[in-house]
Each structure stands twice: as structure tokens, then as C-alpha cells.
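Just one chain follows, in the form predicted on its own, and it is written as C-alpha cells.
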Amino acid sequence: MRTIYSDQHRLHVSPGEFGFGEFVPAFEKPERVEIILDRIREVGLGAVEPPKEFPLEHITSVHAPFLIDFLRTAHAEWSALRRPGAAYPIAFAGGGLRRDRIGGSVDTKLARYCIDAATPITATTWRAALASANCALTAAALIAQGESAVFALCRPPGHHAGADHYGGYCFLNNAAIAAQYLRDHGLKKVAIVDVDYHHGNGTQNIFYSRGDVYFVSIHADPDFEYPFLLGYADETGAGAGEGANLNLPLPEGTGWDRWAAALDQALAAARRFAPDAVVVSLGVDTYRGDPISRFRLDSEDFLRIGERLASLKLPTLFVMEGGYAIDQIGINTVNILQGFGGAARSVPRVSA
């Protein structure tokens, strides 16, 4: 399996995040993907290739142009006020505050566009986020050209970034950008299967009213876990997208048996949708040792996840999302990819 990776991910280094009652070191850090990359090379998974550069229109096809403009200029606006460090919001657009406003000061825009206090913007964050999106686009182009499976080793991750907002360590929604690219290049229907511990609220937001992209997410119940207030089972889509959104929230302490049953349900739903390709939002923070997870999966369970994903027998694009147990992130991520590769047989190819 080919891996698309950019060392420009190192340009985004969070100074820390507000959580658990204090300012703490960032869980999302450059070492995450470097350890995955080391494991990929150790097991000989396949070629590791740099991304190509794509026009910005592939990103604005899923994100509002005003959000992209802000992400590109936010730190310069922050610095122009002679503020040190990274840009964090000091307020959020909840409690009836107006979300239709897209201008104003940098603080106004941070309040409007950012959903948490864990996703700072540094002077070089945009360059890292853009390179991450280009990894996903390069992998999507390979799938559209006939490749059966590709891994986009994206960082920063993406599934919490919505059409007009960002957060959850995510600035651009790499999985959504990839899915839209596939739609724009000849595929009639695409399914996104999100196996990250946290709900892919941004991906749901982007495709909720569309019937051509099916979104299914297996995640911790939003009544107790981030992103909170989205990801409930009664969110099934709207308008043309009614029935094309499936959330499978699970309780604290979920282990393999219950999680696997949800995966079987997710894959059955994806089969009924009959997509031409699958995008997997690949998070491994369901691991029992993850510092911000309350699920109980073991490393060998990730092999089984890969095997079950291969049972769809469809062209599959893996897009890296979460996973914060540094010591095991390489093993757990590559276990999914090896499980998939070992189980995959005759996977249909598609062409643009």
C-alpha cells in the first residue's frame, strides 16, 4: 500500500491546550506521524511518497472561502496586535451569539470560526494544514486513477473541521476534501467510515444535506465526550441527505465485542448505500491506553478492523485522524493497514 506523507506537518506545533481544568501539553504533536512513518518503513508496507500540490478550489469545494481566508491570515492578524505565541479564541459563538458575522477583529473571527481552546493557530499552521490536505488529495487522485488502497498520513487531522469552522486539532477536513475530489472525478457515490474515538462532527456538517456521500461514524457518546452536542443516533441527514448519515454512539468502557458489533452495523449500512469507493477516517484513539479515550480496544483488535474494512471489497482511501498513545500509535495504525492488506482480495478498480 502506498503512503502519502509530507514533512511539512512539522510546521504545526501547538504550544498546549486548555483542558481538564488547566493548560496542558498538546496531545496532538508531530511525533505522532513520525512514529507511524517509522512503523510503515519497519514492516515494509509500501512506498512512501510526497504529495502533489492542488489548486485551492479543491479545498473551497467543501470549506467556505471566508474560513480559508481566515486560516491563512489569522496569525498575521494576531501578531499585528503585538500578541505573542499562537492565536486562541477568548470567546465562542454559543448562547445565541450571531454566527452570520464573518468579519471583524481577529478575536471576533476566532470566536466565530473556532469551536474549542485546543486548536491554536501558529505562524506556520496554514502551511502544515495545506500540506495535509494535499496528502489527502494526492491519495484521492490515485484512487480515482485505479489504485485499490492508499494511505494518506495526514497531520494536522481533519474530521472535526466543518464547512465554516475548525477545532479538535483540525483545520481542514482532509477526508471530506478527498471524498469531494472522488465525486468530482467520476465516482457517483462515496462512503466515509469514521472509526475515530471522537465523532466526526465536521464531516457530518459538510455532507449532512447531501445524498451522494454517506457518512457513518462509530464514536464515544457525545453526552460524555468531545465534541459534545453532536453525534447522536437521531441525526440521520436532512433534505437530499436524509438517511445518508448514521451515528453509532457507544458508552464509556466499550471493548472489542461491542465496538465490533457497531462496525458490522456500519459496514452493512455502507454496503446498502452501494458506494464506488470508501474513505476511512482512521483514528486509533479507541486504544485502551490512549490518554484521552475511554474505550478499551487492544492492538490486535486493529488488525481485525482492517480485515473487516477489506470485506467491503471497494477502493479504499485511509486518511489519518486521531490517536494519542504515542508508544503504540505506529503499531495500532499499521495493524489496520496490514489487516486490510492481508484480507483484501479482488478489489474493483475505478477510473476517472
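Worth saying up front: this structure is predicted, and the values here are computed from it rather than measured. Residue numbers run from 1 along the displayed sequence.
This protein has a second form, the form predicted together with another copy of the chain, left out of what is shown; the following refers to that one.
- Three-residue candidate spot 10, 54 and 68; no residue lies within 4.5 angstroms of another copy of the chain in the model of the complex by any non-hydrogen atom.
- For the chain shown alone, residue 78 is a contact residue for another copy of the chain in the model of the complex, at least one non-hydrogen atom being within 4.5 angstroms.
- The closest non-hydrogen atom of residue 230 lies within 4.5 Å of another copy of the chain in the model of the complex.
- In the model of the complex, another copy of the chain stays beyond 4.5 Å of every heavy atom belonging to residue 147.
- In the model of the complex, at least one heavy atom of residue 94 sits within 4.5 Å of another copy of the chain.
- Contact with another copy of the chain, judged by heavy atoms within 4.5 Å in the model of the complex, is confined among 277-285, 183-191, 86-94, 210-218 to 86-94.
- Checking 142, 263, 111, 246 for any heavy atom within 4.5 Å of another copy of the chain in the model of the complex turns up a single hit: 111.
- Of the residues 126, 226, 273, 256, just one reaches another copy of the chain in the model of the complex with a heavy atom at 4.5 Å or closer; this is 226.
- Residues of 10-31 that come within 4.5 Å of another copy of the chain in the model of the complex, judged by any heavy atom, are 18, 19, 20, 21, 23 in sequence order.
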